[in-house]
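Single chain ahead, written as structure tokens, the form predicted on its own.
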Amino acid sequence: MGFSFSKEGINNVFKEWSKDYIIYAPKRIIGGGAFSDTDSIRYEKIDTVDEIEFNVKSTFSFKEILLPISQTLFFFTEDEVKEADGPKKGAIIFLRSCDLHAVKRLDEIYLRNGFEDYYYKRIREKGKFILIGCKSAFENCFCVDMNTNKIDAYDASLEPTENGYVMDNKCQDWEELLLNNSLSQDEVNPSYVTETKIHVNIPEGLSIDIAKSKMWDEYDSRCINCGRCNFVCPTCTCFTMQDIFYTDNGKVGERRRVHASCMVDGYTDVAGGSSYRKNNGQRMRFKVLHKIYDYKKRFGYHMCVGCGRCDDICPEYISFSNCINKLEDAIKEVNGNE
């Protein structure tokens, strides 16, 4: 069912939601950008609709809400272990179609990949997702080619209009609240992108043989292994563990799960001082093929959702979409060498 709202009406809805949920949305952080006098758009707790940045793509993804950057799993002493408390409230998350498709990827890894991750599940099952419609594509987006530009699996959608806001609601529990605060009931169809400036071509016949290509050597010198591409990506799921020992007692502390990156030094180090991927080109190869080859081979669809944040954030201007588009020539190169 669709609804039209004034700003006051939708803020009344937010006020009621906040009793049971923490509301997260892309928010402009003034002066929070990477350079002087620049802003950052990232996911933060909000209280009113005015705080939502509808017109600019967020620098970081929603992922930090479902998978906190640093998450305490349990506390320990010499004698016992205590599980860290889960969230008291649920989460309502405003996100775009590509990011909502990314939720499916996270669920695949953490809930359906041979086990259920307890810590992810207890946050995820309390989450509600509100789709932000996209009237046009942003810089570096290629969601249309990845088939992530449109989605129907949401609890509600919200878009600003000239006179207020419109919402399509699929959550039965919210019907009465929305009806009581809306101006009218209308049919609402969320906006979605049909064309992007950036296009990618994932070649047919892609195989692991592509790892032999010399195309990856370029990134040995270009990539500085900062890992920023991984941290802004909504589908990167890797983590490491840290045991934090309290200084007043070396036998008491906590275990944390912390975001990790396949692009940084030390990620593939193993006992004996060896490392599976020492060169940045090897790391780039692993990341790219994971996003568009082996994940699909296992689950039937690509891991990458085409949000373009990796291109946006890279300090060396390495383009993931351009890398994908080099694969067709790389296949010819490899096949020609056989």
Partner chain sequence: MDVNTKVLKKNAFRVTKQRGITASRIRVPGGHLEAKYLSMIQKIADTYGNGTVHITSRQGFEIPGIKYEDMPKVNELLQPIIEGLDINQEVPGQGYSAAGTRNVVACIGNKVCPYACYDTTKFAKRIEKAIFPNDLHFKIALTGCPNDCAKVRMHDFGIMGMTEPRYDRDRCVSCGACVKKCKKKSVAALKAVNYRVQRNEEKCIGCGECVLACPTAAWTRKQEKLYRLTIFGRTGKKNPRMGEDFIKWVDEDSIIKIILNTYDYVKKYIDPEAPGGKEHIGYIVDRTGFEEFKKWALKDVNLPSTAEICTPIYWKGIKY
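Quick caveat: nothing in here was measured; it's all calculated off a predicted structure. Numbering follows the first chain given and starts at 1.
In what follows, reference is made to the form predicted in complex with the partner chain, a form of this protein that is not presented.
K.L.:
Within 4.5 Å, heavy atoms only: does residue 226 come near the partner chain in the predicted bound form?
P.N.:
The answer is yes: residue 226 has a heavy atom within 4.5 Å of the partner chain.
K.L.:
Applying a 4.5 Å heavy atom distance criterion, does residue 264 contact the partner chain in the predicted bound form?
P.N.:
Yes, residue 264 sits close enough to the partner chain in the predicted bound form that at least one of its heavy atoms falls within 4.5 Å.
K.L.:
In the predicted bound form, does residue 31 have a heavy atom within 4.5 Å of the partner chain?
P.N.:
Because a heavy atom of residue 31 falls inside 4.5 Å of the partner chain in the predicted bound form, the answer is yes.
K.L.:
Look up in the predicted bound form whether residue 242 has a non-hydrogen atom within 4.5 angstroms of the partner chain, and give yes or no.
P.N.:
Answer yes; at least one heavy atom of residue 242 falls within 4.5 Å of the partner chain in the predicted bound form.
K.L.:
For the interface check, one of 68-76, 178-186, 133-141, 89-97 should have non-hydrogen atoms within 4.5 Å of the partner chain in the predicted bound form; which one?
P.N.:
Careful reading of the contacts points to 68-76.
K.L.:
So the partner chain isn't shown here. In the predicted bound form, which residue out of 104, 170, 124, 259 has a non-hydrogen atom within 4.5 Å of it?
P.N.:
The residue from 104, 170, 124, 259 that makes the contact is 259.
K.L.:
Given that the partner chain is left out here, which of 194, 147, 247, 221 has a heavy atom within 4.5 Å of it in the predicted bound form?
P.N.:
After the contact test, the surviving option is 247.
K.L.:
Establish, in the predicted bound form, whether 20, 51 and 54 all lie within 4.5 Å of the partner chain, using non-hydrogen atoms for the distance.
P.N.:
Per the other structure, none of 20, 51 and 54 touch the partner chain.
K.L.:
From first to last in sequence, which residues of 194-218 have any non-hydrogen atom within 4.5 angstroms of the partner chain in the predicted bound form?
P.N.:
Nothing in this stretch is in contact.
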